[in-house]
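Here we start with a single chain on its own, the form predicted alone, put down as structure tokens.
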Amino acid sequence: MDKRTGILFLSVLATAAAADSPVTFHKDVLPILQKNCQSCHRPGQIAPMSFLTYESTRPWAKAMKTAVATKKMPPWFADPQFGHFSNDRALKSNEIETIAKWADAGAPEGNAKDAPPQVKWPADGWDIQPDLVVKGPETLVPAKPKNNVIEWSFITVPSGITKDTWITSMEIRPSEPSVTHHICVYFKPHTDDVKYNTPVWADRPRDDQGNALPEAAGINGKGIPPSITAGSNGIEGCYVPGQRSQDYRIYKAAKLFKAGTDIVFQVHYTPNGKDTTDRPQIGFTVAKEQPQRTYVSIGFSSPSDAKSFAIPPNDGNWESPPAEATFLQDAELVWMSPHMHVRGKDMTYKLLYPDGRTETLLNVPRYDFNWQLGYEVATPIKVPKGTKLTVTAHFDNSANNKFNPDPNRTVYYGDMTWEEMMFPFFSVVVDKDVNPRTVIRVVRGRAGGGA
């Protein structure tokens, strides 16, 4: 055997040995969990079990195989044909195969020396490691409210921030996620007439089952005194299932939080059959020096009046009127997050540039209300002034939708999960001197609102 043949033979043997070597937790599975799963599967996070160690992961091996094989986990719904996202958690086919082989082999532990270094997650269950923490309002969520409805409330609290501060990331954490539909926040300039820790809400006309009547459709915010959020730039961030933080540092940007600004919490709770008290917190990281760019969070909606937005009974593919906006400033689009309720089926974001080009930024063909994900654009998308953003969506009000509480009624725009919304969020980065309120003009639909 000559030297060349010998090297080839040894290479074949090494490849065969690698193929036959057992898949183990420390060497093969743990790196996948660190990259794709531990952000949720660790103490203090949304997942019910921890995947930090072999001991805590081993009992779930078979369930993990099923979840990844069916692509139920990790939750990720973006169509790979459109856009590239830095927070893409979808597993590659070889990673799915690794977890399946590990489960089929009896979930062997392997040698702990093969494990990668532990990820240094922020302390106390945070996604970020906050420099500042502001406590939110305490709210009692009753076990059985009338018709099972708790209307959205707006509650103002002092921030305690006494000097102009550039914040570089923000995280909203409910103390009781089991009853929290969403929490959104506004930064409002302080006024002398503010009433702290006093809930304000609008009573909407509803039937005996708690369904909003047609005349209530699209009146989100009606009856709320304008002073509650007056002077704010709109919603600055939200907690929803699947996301609770945004990090502006990756885009070298920040938000300016002016001294003495109050924080308005927009809270929406869903009762779970027992009296529960929630008290959220907001964590901020702070810039050491003034940034050159401002991070602007934007939410807007399709038309929401009962004439425009009324999903017919037993319609499995109803198309909503689109939400449309025109950019009034040059910007870089960096983040998108579709929001609908339990009948939401799909949502697509598209840009029409001034030169006539069109670009699909994000397509979510299988929307899942249980996981309202944000999609971080890997390379910021330059959006020149005059560009039009159009967002379209479909809804499934048929019996084929397992989450549909009643396919036999017309569904209007409303706040409760059994009503509907078509509310796309997105974020842009602009020059620090740009007023966030001048970034877009809504052409069709409305700005503001919530989740």
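Note that residue numbering begins at 1 and tracks the sequence as displayed. Because the structure is a prediction, the values reported are computed rather than measured.
The next section is about a form of this same protein that is not shown, the form predicted together with heme C (HEC).
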Picking from K135, H84, K195, R89, the single residue whose non-hydrogen atoms come within 4.5 angstroms of heme C (HEC) in the predicted bound form is R89
None of S50, N404, T390, S39 but one has a heavy atom within 4.5 Å of heme C (HEC) in the predicted bound form; the exception is S39
Counting only non-hydrogen atoms, the one stretch of 422-430, 55-63, 407-415, 391-399 within 4.5 angstroms of heme C (HEC) in the predicted bound form is 55-63
Original post:
With the partner absent here, would V68, M73 and W371 each sit within 4.5 Å of heme C (HEC) in the predicted bound form, counting heavy atoms only?
Top reply: yes
